[in-house]
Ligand code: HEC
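In structure tokens, one chain follows: the form predicted alone.
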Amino acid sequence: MHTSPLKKIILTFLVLGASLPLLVSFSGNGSSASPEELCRKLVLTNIEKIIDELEDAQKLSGLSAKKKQKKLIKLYNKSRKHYKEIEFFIEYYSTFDAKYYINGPLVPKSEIEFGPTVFEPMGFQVLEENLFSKAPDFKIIDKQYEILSDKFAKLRDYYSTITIDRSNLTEALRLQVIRVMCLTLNGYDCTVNKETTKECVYVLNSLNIVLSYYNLETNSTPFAEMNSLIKRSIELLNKNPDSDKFDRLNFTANYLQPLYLSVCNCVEELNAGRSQVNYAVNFKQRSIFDINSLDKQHFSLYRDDTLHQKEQSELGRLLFFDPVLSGNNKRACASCHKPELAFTDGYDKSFGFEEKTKITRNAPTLLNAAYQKSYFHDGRIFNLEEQAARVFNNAFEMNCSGDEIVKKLKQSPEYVTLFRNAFKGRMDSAITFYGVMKSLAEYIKTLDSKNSKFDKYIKGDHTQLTRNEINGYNLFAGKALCGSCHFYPLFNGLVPPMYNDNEFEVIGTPEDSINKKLDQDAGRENITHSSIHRFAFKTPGIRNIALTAPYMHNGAYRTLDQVLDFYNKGGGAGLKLKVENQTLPFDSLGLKKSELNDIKSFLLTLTDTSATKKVPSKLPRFNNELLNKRKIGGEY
């Protein structure tokens, strides 16, 4: 007996347990609605349900605290289900609302572009923290219900008329798979009630529903394969309700990675095209672990300046190791960023221009440095090009102006030729400070580190990791909550899947490993002048952490064991230091010694030094014999 494609889809969803209130709709003239309109109706239906549940929660009265809490939790779980089913849409079309009003993290937020405004935590995560506590604060709970009700009512009106383009919608679906891999499974939300696997089921069900609307048009093999993969994923998730014990690494490697590929195949089948939005994610790649999965130009000051990048990066490599860029011709970029130490220097704080004097902070690694939206520990610069300029002009670091650098480089016929080739047909061929900065930035963009044991495992070579290392990753991403700040797969503070924001955290770093005094470096507060950023620092990347000791912005800890112990005890506040605005949970994580050892074992699998072996054997010569005596990489 012949079964229609539509009936097959409906039967499949019934098996999966998905709700299909609006799978198909017909207009007045009998023609079927477009997939985009079906999606709109799905979104609006879910929003109506969320509003109803939020309003029901506000009507509870005359109940004991215990009964009210129980009923509120039930309504919360329903509204979370309906939210997660349309999260892909809200996060894409209303990114600001999602971050600041609906499902943002439990920390106050202040952004330079919004002036002095401080956004207090709002939305579902605030509700979760209170509803699942032993002593819920009903005043806070009631306020959050009001905020959410108002916000969803506005979104309902907005989404009723918004234009939904196919290219935008299919991009939103792909970004949602990345969101599950990098945020949902890594403790970004559900940190209190630990219902991560259940919420993943909601997300995958909705993904299947929306893509099924398009399958009505194609009825092709890629959609059938995707449907099968989602079904198997949901079966695994339903069998593993314990978030802390769930094997996230296996699920990511063997289910979500293939699912992302499958969704990409479905989208290609639709010929949906590209939207006009510039994303960090490179939609031409079908794995977020591909070397080119993120577009480095997205993070560049000069996004469209792509001519002669190879020649510029080779020129930048020479400049990076050349002390002629310093005021005394003795210090190079490589003085503080040594390739053998993953482009750090091994000191608690780097040495400054005066040889025996140290500056105030630790030198961060440059591996994967191109994947950031802010630079320096306090995030005061927004791109690679300007970051280098700040170092050169700093009297305590390189102590050399742009004009002086250009004047010296013009004394080298070799450099003149190199600049002419790297900036062919442009004014920089005559050597300009912009050319110096651009070349250094292009070199740093080549310092990729994405081929560690962990990367090889996630790409399919399951001989790479031991059981302890796998368990370490699952603890890192789960019970230990490390993955909620060091986002997979870059393991830095650049927030996926949009990759537009760097996270800053107040963790209460002590002056030293004695743990008796809080370090008094105000950090990001010096930049934003906001008290919520007192002692806040950018979340660093932890790839190659085996090579980058000492740790923290001030080099307070010399070993990974000390770092892990610090976090396990609850950061500075957990050590009884006075940190009034700590964003790190300051209660103990309760990790056993064996669990800490497993996390350490995992961290050591993130080492990849393939980009560190390109030190030049010689530097360009000058018409000045004194300059020709300079040392590759600097003297100190």
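All residue numbers refer to positions in the sequence shown, first residue = 1. These numbers were taken from a predicted model, which means no experiment stands behind them.
The protein also exists as the form predicted together with this ligand; that form is not presented, and the subsequent description refers to it.
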*Scan H337, R524, K438, R248 and let me know which has any heavy atom within 4.5 Å of this ligand in the model of the complex.*
H337
_Heavy atom within 4.5 Å of this ligand in the model of the complex - the one residue of Y551, Y415, Y499, Y255 that qualifies_ = Y551
*Would you say all of Y93, G104 and Y188 touch this ligand in the model of the complex, counting a heavy atom within 4.5 Å as a touch?*
no
_Given that this ligand is not shown alongside this chain, does F376 nevertheless sit within 4.5 Å of it in the model of the complex, heavy atom to heavy atom?_
yes
*asked:* Whether E314 contacts this ligand in the model of the complex should be assessed with a 4.5 Å heavy atom distance threshold; does it?
replied: no
*asked:* How about C485 - does it come within 4.5 Å of this ligand in the model of the complex, if we only consider non-hydrogen atoms?
replied: yes
*Answer with yes or no whether L603 is in contact with this ligand in the model of the complex, where contact means some heavy atom within 4.5 Å.*
yes
*Option from 96-104, 281-289, 537-545, 407-415 whose residues, in the model of the complex, bring a heavy atom within 4.5 Å of this ligand*: 537-545
*Since the partner is left out here, which residues of 218-237 would have a heavy atom within 4.5 Å of this ligand in the model of the complex?*
none
